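Given next, in structure tokens, is a single chain: the form predicted on its own.
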């Protein structure tokens, strides 16, 4: 009889978490959900607990924990409900857990993801900010604790699949010349430039190919999402910035490519559905059904590629700038972006103001070393203050 893989899903109520649970539900003989977490979406977390019956559930606030615990008890479930950041770290490092889906969006996901790494878990990494903020420190922890890191972003998962088996970060030895991260170009790829000043949050969140949360949808519209993925790829695959190229591919069928020194280019293709990389990582090194329709190339008929326009997508250029600067520049970039995107979604900042706030924050905070994780969080806090100040200037 197959031993079930026991899972903690951080960020279970988001799009990645829900897609993970969809794949898990297709294979009840292979997977058991031990813990689910959701910050404030208590109703959705309640429904997920009823469906998957985890041993633990974690929410952000104590009053929500009390409410959820009462409802679950009334439904006859013995799920233990916890709350707060420490509880996230606890369920990410439970001795009985084999794999952790790290899908909490933003800087809040760093600490519990690190907890899973330090516990030597198989970490399915959907939280790109962990590597953006603390790349060399994070990868050092992975090596020190023998954790297994499997990328969930469709682009990084595609690169992972297209690299030699058990690639260990030596591109020269493996004959890798560069990787190409594909980007859809988002909803504004062909929008007249003069219209960008007036686009709304609803327009920015209407991604043409992928179903995602609001923050990541805005990041896709600005192409900051791709910029963060460039930084993530630098640490995941131990590549120099000039070995990471971004190419716009509107169909989102080629998820990314690896170019080798002999002229070969290997790519991973599939329909734009996050269940494919999730299923790949859940079952690695095996393969399982993800519930995704097979690719029909004749129906697609054509695949287009173009270079990104940095005048249209200045956030991508800012990400390369932060990567080249080193130190805490990527922390500053990420924090400023989170503040700016939140302000845009709240109607406090125009769309074009996102890049301006990020650039102003980078200008105000010259790169500083990151010798330890405390420095990461300190840099994050400083950058948020500076970015908030620049958002206020827009409001005035």
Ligand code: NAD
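All values derive from a computational prediction rather than experimental measurement. Residue numbers count along the first chain shown, from 1.
Form predicted together with ligand NAD: not shown, discussed below.
field: 4.5 Å heavy atom contact with ligand NAD in the model of the complex for all of 157, 230 and 330
entry: No.
task: Would you check, heavy atoms only and a 4.5 Å threshold, whether residue 52 touches ligand NAD in the model of the complex?
output: No - in the model of the complex, heavy atoms of residue 52 and ligand NAD never come within 4.5 Å of each other.
- prompt: Do residue 208 and ligand NAD share at least one heavy atom pair within 4.5 Å in the model of the complex?
  reply: So residue 208 does not count as contacting ligand NAD.
message: Can you tell me if residue 383 lies within 4.5 angstroms of ligand NAD in the model of the complex, counting non-hydrogen atoms only?
response: No - in the model of the complex, heavy atoms of residue 383 and ligand NAD never come within 4.5 Å of each other.
Close approach of residue 164 to ligand NAD in the model of the complex, 4.5 Å, heavy atom: It does not: once ligand NAD is placed as it appears in the model of the complex, residue 164 has no heavy atom within 4.5 Å of it.
- prompt: Considering ligand NAD in the model of the complex, which of 280, 128, 255, 121 comes within 4.5 Å of it through any heavy atom?
  reply: Contact check passes for 128.
- prompt: Quick one: of 106, 250, 308, 270, which gets a non-hydrogen atom within 4.5 angstroms of ligand NAD in the model of the complex?
  reply: Selected residue: 106.
query: Among 21-29, 6-14, 371-379, 384-392, which stretch has residues whose heavy atoms lie within 4.5 Å of ligand NAD in the model of the complex?
result: Looking at the other structure, the answer is 6-14.
task: Heavy atoms within 4.5 Å of ligand NAD in the model of the complex is the criterion; list the residues of 266-280 that meet it.
output: Only 274 sits within 4.5 Å of the partner.
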